[in-house]
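Shown here is one chain on its own, the form predicted alone, set out as structure tokens.
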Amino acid sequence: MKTLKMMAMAIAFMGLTAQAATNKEIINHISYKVILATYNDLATEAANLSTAVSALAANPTTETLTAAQNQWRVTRIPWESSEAFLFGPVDSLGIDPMLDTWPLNKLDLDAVLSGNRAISTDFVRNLPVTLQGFHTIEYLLFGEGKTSNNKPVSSLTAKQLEYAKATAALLAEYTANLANAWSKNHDPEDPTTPGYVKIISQPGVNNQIYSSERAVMEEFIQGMIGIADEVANGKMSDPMGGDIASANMALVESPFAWNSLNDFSFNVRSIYSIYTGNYRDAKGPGVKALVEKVDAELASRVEADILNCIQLIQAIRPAKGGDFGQAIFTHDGRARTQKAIDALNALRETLESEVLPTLDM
């Protein structure tokens, strides 16, 4: 009896694996279980960050500062994990620059902090985006980041605490709006419009943005290509420069918290989520299921290449402490950085020249 039961289970498993996911199933899974889930997580963690910074402002101690710093890092994860799908409301509502513009304009920020204007959420809202978002909060919580990211709580002024509290509240508001745009109403000027998740998951001739399943799948693949290119040739190559003498710390993303390598890793993790359909507890299908129908070897190779890029990025971390901003000023750190850049560019090339064409096969 036990043998028959095992045979039945094996046959059932074979039937399951032989039945490839349809494009509709892939699109539906990625739209709801990867993208919408990521933006919901971002809104939740940004609200937690606002709460943590408010607690710090009300009672500035080493413990409340550490809690706010830790929550800043946690909130970065879903944001950086979304960068393979920076289309839809995050673009049309202009939310990306309000959350994540860098480099920070420290000169103007210091001028605002030395002024007499009362700090409020609306006051920060009306300032340039270079004085808002993640990196403003990061600078206030972690300090200058060049030689240390361990800011003593005693160095936080009352004005800095007010500014951090207002900016964190604004960030929570923006991310809540983004989650709402994906889940309920993608155009705030027209309350009859549905959430963007419905737009992208139901392509067709009556859909003004996505006329076909192919258009959605191409959006997914182009998103992966775009962030692979940005991490390799923007986020990493620009601050590294041509040699140590031209390396530029001011161009490093998340330099104050020494979080750059985690940012880059989660950027590539966003590629992995779209490709495999895996995000948190959710498991596929993703774009890989499309590629498998055409070339199983290619499908597995791309997944391995994505994971290899993440490993190479993490390997840049200096053994004696620091992060990407410190590594690019050493010869061995630069060599490790170049290896990661080369792997990312190879991945981008594979996505462009081998994965994208599978849409037409």
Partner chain sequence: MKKLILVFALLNFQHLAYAQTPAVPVNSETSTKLNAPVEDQKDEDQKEQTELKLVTTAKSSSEFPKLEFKSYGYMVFGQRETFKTVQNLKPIIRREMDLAEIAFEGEYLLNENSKIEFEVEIEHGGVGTTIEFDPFEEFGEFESEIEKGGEVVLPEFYYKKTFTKTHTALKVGKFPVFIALGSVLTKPSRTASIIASDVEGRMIPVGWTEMGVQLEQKYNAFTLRGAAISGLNSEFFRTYSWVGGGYQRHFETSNADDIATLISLEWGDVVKGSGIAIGRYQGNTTGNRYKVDKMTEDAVVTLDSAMATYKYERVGFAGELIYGDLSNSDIVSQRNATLGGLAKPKGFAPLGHKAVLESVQLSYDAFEDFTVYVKAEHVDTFADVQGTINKNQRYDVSKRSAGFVWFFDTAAFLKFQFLRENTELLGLPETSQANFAFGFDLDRFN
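Positions refer to the first chain, counted from 1. Just so it is clear, the structure is predicted and the values come from calculations on it, not from any experiment.
Omitted here: the form predicted together with the partner chain. The next part is about that form.
Visitor: Just to confirm, with a 4.5 Å cut-off on non-hydrogen atoms, which of 152, 204, 242, 128 contacts the partner chain in the model of the complex?
Guide: Of the candidates 152, 204, 242, 128, 128 is the one lying within 4.5 Å of the partner chain in the model of the complex.
Visitor: Of these, 193, 233, 157, 248, which has a heavy atom no more than 4.5 Å from the partner chain in the model of the complex?
Guide: Spelling it out, the residue with a heavy atom inside the cut-off is 248.
Visitor: Would you mind picking out the stretch of 119-127, 257-265, 75-83, 286-294 that comes within 4.5 angstroms of the partner chain in the model of the complex, counting non-hydrogen atoms?
Guide: Only one stretch qualifies here: 119-127.
Visitor: Considering non-hydrogen atoms and a 4.5 Å limit, does the partner chain approach residue 180 in the model of the complex?
Guide: It does not: once the partner chain is placed as it appears in the model of the complex, residue 180 has no heavy atom within 4.5 Å of it.
Visitor: Is residue 148 close enough to the partner chain in the model of the complex to count, meaning some heavy atom within 4.5 Å?
Guide: Residue 148 lies outside the contact set for the partner chain.
Visitor: Is there a heavy atom of residue 92 no more than 4.5 Å from a heavy atom of the partner chain in the model of the complex?
Guide: Close contact exists here: in the model of the complex, residue 92 approaches the partner chain to within 4.5 Å, heavy atoms only.
Visitor: So in the model of the complex, does residue 189 come within 4.5 Å of the partner chain, heavy atom to heavy atom?
Guide: Yes, residue 189 sits close enough to the partner chain in the model of the complex that at least one of its heavy atoms falls within 4.5 Å.
Visitor: Quick one: which residues from 106-122 get a non-hydrogen atom within 4.5 Å of the partner chain in the model of the complex?
Guide: Going through 106-122 in order - heavy atoms within 4.5 Å of the partner chain in the model of the complex - the hits are 106, 107, 108, 111, 112, 117, 120, 122.
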